[in-house]
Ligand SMILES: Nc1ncnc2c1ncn2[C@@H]1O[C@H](COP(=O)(O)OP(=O)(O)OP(=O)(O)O)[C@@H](O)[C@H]1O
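First, one chain by itself in structure tokens, the form predicted alone.
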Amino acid sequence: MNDTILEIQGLKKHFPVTSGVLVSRPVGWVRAVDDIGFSIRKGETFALVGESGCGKTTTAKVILLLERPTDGSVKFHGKNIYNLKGKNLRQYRASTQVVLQDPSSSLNPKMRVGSIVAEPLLVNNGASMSSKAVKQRVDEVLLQVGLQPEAARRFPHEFSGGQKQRIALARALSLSPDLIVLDEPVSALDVSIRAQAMNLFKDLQAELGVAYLLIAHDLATVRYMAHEVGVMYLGRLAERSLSEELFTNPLHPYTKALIAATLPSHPDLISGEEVLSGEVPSPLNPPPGCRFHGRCSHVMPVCREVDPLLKEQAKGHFVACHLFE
């Protein structure tokens, strides 16, 4: 049985750059996402990690139909999402939800919590659900995220940051989605309650079978939550592997540098061996060859000329690096 929910192949998203005021002229393209692929299965979490500007959020926007891809395909249960129309398109939008980084800005302060959680239900099923059924579903999802039904009568400002994120999650769960995009879901929370939030996400995944696409830069969060990880650099996947394999046996110099910078106590990395230096090149004019060669301590002549392909080095462990060719 194929339990793949989302499959991405050859995905590209390039943004045109123009000059001129009265008459705009194209002068180049920002290659925000430049030929990536991965899949997410039911009940599993795929994480995209990397520095700011690497293309993580653009990838999520394409999946959420907020951007149209330049090339490639995004298939949901085997169907290209950009070919969906009418009822099928509405079903996809209902089946794919998002929880954003800052719950305070994603919740309407003028709406009561009950109305916030009920809004997706009314938009998608307003004609077929009675007000009693809507209330029952709101109470149900509030309980699922650890809030009492009485919370429906209150406003967002009456809750803590962690509770607001639970409200945002309840709203996402109201339509029983197959996939939820988690965009830095715990980075805005106090450190003391991050573990609670991550445990809640994992418990609900185990209970409901929902899949997550996790967008994050905190590798500790990624290691705890993700089943598989894709490391992005300048629009490309530098490495992709099962989570534990990636953290115990990182292959790409960029992955090693990220781990050394954010998990300095990592036992498999020698302190100072992998250090990120310099700035990320512009996606408008990426360097030839390997895009990481200008910051890599293992650079070879071939790295400056030939763009490495993402190849499988061990079962399920892919890396784009000339060191492994």
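Keep in mind it's a predicted model, so treat the numbers as computed, not measured. Numbers for residues come from their place in the sequence shown, where the first is 1.
Below: the form predicted together with the named molecule, not depicted.
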Ok, V30, I36, L64, I259: which has a heavy atom sitting within 4.5 Å of the named molecule in the predicted complex?
V30
So in the predicted complex, does any heavy atom of S52 sit within 4.5 Å of the named molecule?
yes
Should T57 be counted as a contact of the named molecule in the predicted complex, where contact means heavy atoms within 4.5 Å?
yes
Closest heavy atom of P283 to the named molecule in the predicted complex, within 4.5 Å or not?
yes
What residues of 189 to 203, in sequence order, lie within 4.5 Å of the named molecule in the predicted complex by heavy atom?
none
